[in-house]
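Single chain ahead, by itself, as structure tokens, in the form predicted on its own.
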């Protein structure tokens, strides 16, 4: 056995033994990746959890799969190995190994290499295990061979590959033990016969000693030609066109997904204790945000009133179930036949996997969409409050057509969740996009006063309609780019990620 082959054998048996030579280049490369959560912090600990070569030893290019523990977070890496990189792959270079099993070779991000991306699809087409990795698929969903891959640019918390305009593979970057909701919930919906969400076709996981399996990637149909809900709303606004019919239909689609999830997975009734904990969590997030965002402090007492009212409601009649967890217009697609689909069921990546899998009132998703309409309206010059009001009302009416219950019929719960969402937005915008802080702040002023404009036009409020105060509207130099409004910045959206 050659020295390099012997080193690779040791790598498979003991990942830490072979990753050492790659550690300096990975420490320098990881913080620059858009999906890396530790930006702004020095990496203090980096340890290989598992390593597997996905091609036979000596293959050129080679493909190394890594799970790395980086300061307590686990990340998935797919690294290409070549003697030298062709010019087209030069931007993917991570570094050159000086010693170890890959001494003298170029190490690079593998997903941009068409040969390696095609190999990954072949693994998904052929279920089985390879080291710690297990590949699985739906036997009823054929995946043709030879589909040409291309990476999806502008990714954030994950990376995606499109295969022949037929399928899209989401590769999760930050992973943890347990089934990822982006695999679990679409599979449950498919089994329940709900066609509003693309059904997983294939997936792969890591099985590590003493741990639940880690979901690493999901292959789903690519909804070619679909309109992203956020971009579609902006186009309609820019053209001065009505969007209420689309909002109504999206409300119906959302309620169908919620109903199917409630039928397919366990639900629970919120009692006084659970409701109090829910309100306490919202109150704690408000206090933490007020310490960080000075503009929020004058409104803290009024905002806290929404959470106090929720606690006082004692959870009467409220059920918790599995939900999307990060729903906004950028997580919706209007397909070529005019129907709506919901995508990206991963939930908010900043939350733990266990938290994202916890049942919650469905109104959390509804509040996310309602806030999204407000963001869209405030991205337009001049500000279009009536457009947002009409869309919010239409969405709630469409939701009620399926469930028989209008979300506005529980104003205490709806106000609490929309307030919590606006507080979350204020913290995000203050940290990352201060030019957009005026958007959640306008909602915060309204929500703190308890007025009714933001809840459609059917809920009575205790005071006069709030008008945007100074700084609430667009200011000089705020060009309102067509960014996603949501506190997990998205690239310009595309059919299904």
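Positions refer to the first chain, counted from 1. Computed from a prediction, not measured in an experiment: that's the story for all the values here.
What comes next is about the form predicted in complex with a small molecule, which does not appear here.
The stretch from 84-92, 337-345, 239-247, 289-297 that comes within 4.5 Å of the small molecule in the model of the complex, counting heavy atoms only, is 337-345. Contact check for 152, 220 and 330: all three have a heavy atom within 4.5 Å of the small molecule in the model of the complex. The small molecule in the model of the complex comes within 4.5 Å of a heavy atom belonging to residue 226. Looking at residue 168, you'd find a heavy atom of it within 4.5 angstroms of the small molecule in the model of the complex.
When contacts are judged by a 4.5 Å heavy atom cut-off, residue 158 counts as touching the small molecule in the model of the complex. Among residues of the shown chain, residue 100 is not one whose heavy atoms approach the small molecule to within 4.5 Å in the model of the complex. Proximity to the small molecule in the model of the complex, defined as a heavy atom within 4.5 Å, singles out one entry of 315, 198, 132, 361, which is 198.
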